[in-house]
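Take a look at this single chain, the form predicted alone, given in structure tokens.
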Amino acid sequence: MKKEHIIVIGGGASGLVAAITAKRNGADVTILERNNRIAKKILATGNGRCNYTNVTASGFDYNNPEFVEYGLTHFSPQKAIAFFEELGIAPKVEGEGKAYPLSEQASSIVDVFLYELEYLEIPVISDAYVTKIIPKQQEFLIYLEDGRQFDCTKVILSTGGRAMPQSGSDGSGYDLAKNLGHTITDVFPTIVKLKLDSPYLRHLEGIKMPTKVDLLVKDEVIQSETNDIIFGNYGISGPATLDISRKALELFHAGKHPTLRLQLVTALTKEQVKHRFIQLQNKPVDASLVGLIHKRYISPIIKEAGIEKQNTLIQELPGSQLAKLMDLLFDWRFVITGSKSFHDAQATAGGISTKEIDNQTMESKLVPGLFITGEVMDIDGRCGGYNLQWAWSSGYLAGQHASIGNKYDTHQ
């Protein structure tokens, strides 16, 4: 049987696991990395701590549950933790199932990858920007921007998406796949800060509060999250927003005009709040809200209720304005106008259509011998270690199946 020579295009999360898996299975492996070093994006994950998986991950945490289920079963979060333990990473599992290196350093993940690549004698060719992949009989020809050429029996495309282009993810893999006949779905940032239309953003900037957030189209609730939000002068971020951003932007780009609904008061019912106002009817409106909501919410929400003077006594308010104020405490809406750019995004939504990829092997259904991993395909997960888990799972499947014999070799 002819020995495989596999070229992995991209030395990021999924490409590294694919390369190590294929090499351990007996294939010759070479990594082509466009940067001057591997795994630049890994260093930025988890605020430099690297939230490298989530022990609760399941298909429902991704945009295409059925496609990812096989990979998550065959290289589960538990297997990912065991894989990295073998490389030297002691895990630390925190709230919501997030796993970090015990060292609290993303650089630890990169270091153990570097040690393993050296141990397995997997060459990494840096500053290698691939511009063309050409299938030719029983092999592939790969052309670099600087004129260098390589040939191999299998290709694993692990170029990433467009999020964090400063790390080298510029979406070049989409063009490579498109030139081979693949369909690229609409691509947009995800796990990203959302822009809002509101006159109060500068006043709200810097507020960080646990809040119930609903994503609405008209009055239909599309998604709900309860977690911290953080206001900025552009709009809103924080874990609750980041988890909603994918669906919000999908709806926005489809022209559905999504809105965010914030529920500022969650520990009391509307009836209890009404009773509070009755008790405080001799107090000014602004003073009556102190201790109920964040102080910097008070002025904007009073203005939003149409109350001109903040020191108006509760008992002097028209019933309609008091009702509006109470409604806003439980239902304050903001129009979504877009998001921050890919530079600020943690992941990419969209990419190579999963309809054209075998979900059990990660092999292209259009180009035999081409395998596709990670973020370059139309798979994205929630914030909290889910996207790196998919990188490991898809990389493992691709490395495993790309290294199983050369099916084009008629002399097997």
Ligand SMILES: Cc1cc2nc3c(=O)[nH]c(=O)nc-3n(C[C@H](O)[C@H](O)[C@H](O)COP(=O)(O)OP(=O)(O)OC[C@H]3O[C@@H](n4cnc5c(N)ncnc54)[C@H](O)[C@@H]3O)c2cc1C
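Since we're looking at a predicted model, the values are computed, not measured. Residue positions are given as counts along the sequence shown, with the first one as 1.
Same protein, other form: the form predicted together with this ligand, not shown, and the subject of what follows.
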Taking a heavy atom within 4.5 Å as contact, would all three of G71, I357 and Y396 count as contacting this ligand in the model of the complex?
no
Among G338, G168, P284, P300, which has any heavy atom within 4.5 Å of this ligand in the model of the complex?
G168
Just give me the single entry in V213, L289, V130, L204 that has a non-hydrogen atom within 4.5 angstroms of this ligand in the model of the complex.
V130
Counting only non-hydrogen atoms, choose the one of 76-84, 324-332, 241-249, 121-129 that falls within 4.5 Å of this ligand in the model of the complex.
121-129
I'd like to know whether L370 contacts this ligand in the model of the complex, with contact meaning heavy atoms within 4.5 angstroms.
no
Any non-hydrogen atom of S172 within 4.5 angstroms of this ligand in the model of the complex
yes
Decide whether N35 counts as a contact residue for this ligand in the model of the complex under a heavy atom distance cut-off of 4.5 Å.
yes
Taking heavy atoms only, is L366 within 4.5 angstroms of this ligand in the model of the complex?
no
With the partner left out here, which residues of 4-18 have a non-hydrogen atom within 4.5 Å of this ligand in the model of the complex?
I9, G10, G11, G12, A13, S14, G15
